[in-house]
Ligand SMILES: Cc1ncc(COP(=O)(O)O)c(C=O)c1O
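Single chain ahead, written as structure tokens, the form predicted on its own.
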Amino acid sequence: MRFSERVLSVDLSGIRKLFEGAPPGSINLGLGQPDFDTPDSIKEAAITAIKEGKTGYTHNAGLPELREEISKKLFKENSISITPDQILVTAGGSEALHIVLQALVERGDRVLHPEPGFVAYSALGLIAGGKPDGIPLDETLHINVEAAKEKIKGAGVIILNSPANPTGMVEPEETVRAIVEYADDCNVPVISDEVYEHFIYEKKHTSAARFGDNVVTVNAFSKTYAMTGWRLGYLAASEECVNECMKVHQYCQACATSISQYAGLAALRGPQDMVTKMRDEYKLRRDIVYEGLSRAGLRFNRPEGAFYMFIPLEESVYAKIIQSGVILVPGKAFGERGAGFARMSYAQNKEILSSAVQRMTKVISGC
């Protein structure tokens, strides 16, 4: 059987394979999986939808009432004026990223993305026929604006991610504005991945679409409402862009799961106190881990958002930490520029995190 070069050029994510060498009883801080449960009001809305027989196909673009609520949310929270017709509901943020890259990338186009950056950016760029091209970060792990500008001209697309996975950094308004406006001058579309927007500490979220029309906003319910397994996300863009993305979505997905869409509708219409509670808890967890690792002698920037810590670790130290029973993801999994780092998720409870820090401290102090 012959396979396409596009697919052959992509490896399966090696993150989960890395866990196999860890001893029994290891603490897994490798996956970005919130330990919170989906709020009951959202679950009940899904159960009601099932009981009422709302189990058929929906409109390809998603439930009209859900797109209306997303439109309201984008205006109220992000200062973005988007009509329901400019929104496409997808099977998670991952599908949104996939279909927009399929719609925008020509064969051989450079797909710019932060490096180190989320593993899907380069993989989906390759699958779309493009050439992933990493944008270097500065010493604080934020996007180097001048380095980004040098690469933007002639690129196919540029992907922004704030708050960022794996670094946990939040890009300031001036950086987002500068990149969007320069990309617009160069006629390069911007894809803004904002799935961690509600988990920001001390800083402020800035949506890229505030500064130009040549922006596709990608978001999801997964992290905000602890709905990772529900697979519900969306993209918001010009009607022209949404119509082209719809072609890919229609033939690969048809529509997002109807039950998940009704659950998402309840999430947006219902109380938002759970989101605030999760954010505050993540901040406490971040501080426990950061302060513990700082006392152990590690020096790095305190994460500003999401629930990841990108810590400097030599490979030999990283290997010993894995052997001690704490699972982290090596920085190289997020691009060559991630070498010498490791990503640690603090989406576990405080007791587990404290235990992990104790194990790591013993390794670090012995090296």
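In case it trips you up, residue 1 is the first one in the sequence shown, and so on. Fair warning: this is a prediction, and the values are worked out from it, not measured in the lab.
Not on display, but discussed next: the form predicted in complex with this ligand.
Proximity of Thr257 to this ligand in the predicted complex falls outside the 4.5 Å heavy atom cutoff. His142 falls outside the set of residues with a heavy atom inside 4.5 Å of this ligand in the predicted complex. In the predicted complex, this ligand sits beyond 4.5 Å of every heavy atom of Lys151. Arg231 belongs to the set of residues with a heavy atom inside 4.5 Å of this ligand in the predicted complex. Picking from 174-182, 94-102, 205-213, 80-88 the stretch near this ligand in the predicted complex, with a 4.5 Å limit on heavy atoms, gives 94-102.
Within 4.5 Å of this ligand in the predicted complex, a heavy atom is found for all three of Tyr121, Val195 and Ala220. Along 138-172, these residues reach a heavy atom to within 4.5 Å of this ligand in the predicted complex: Asn161, Asn165.
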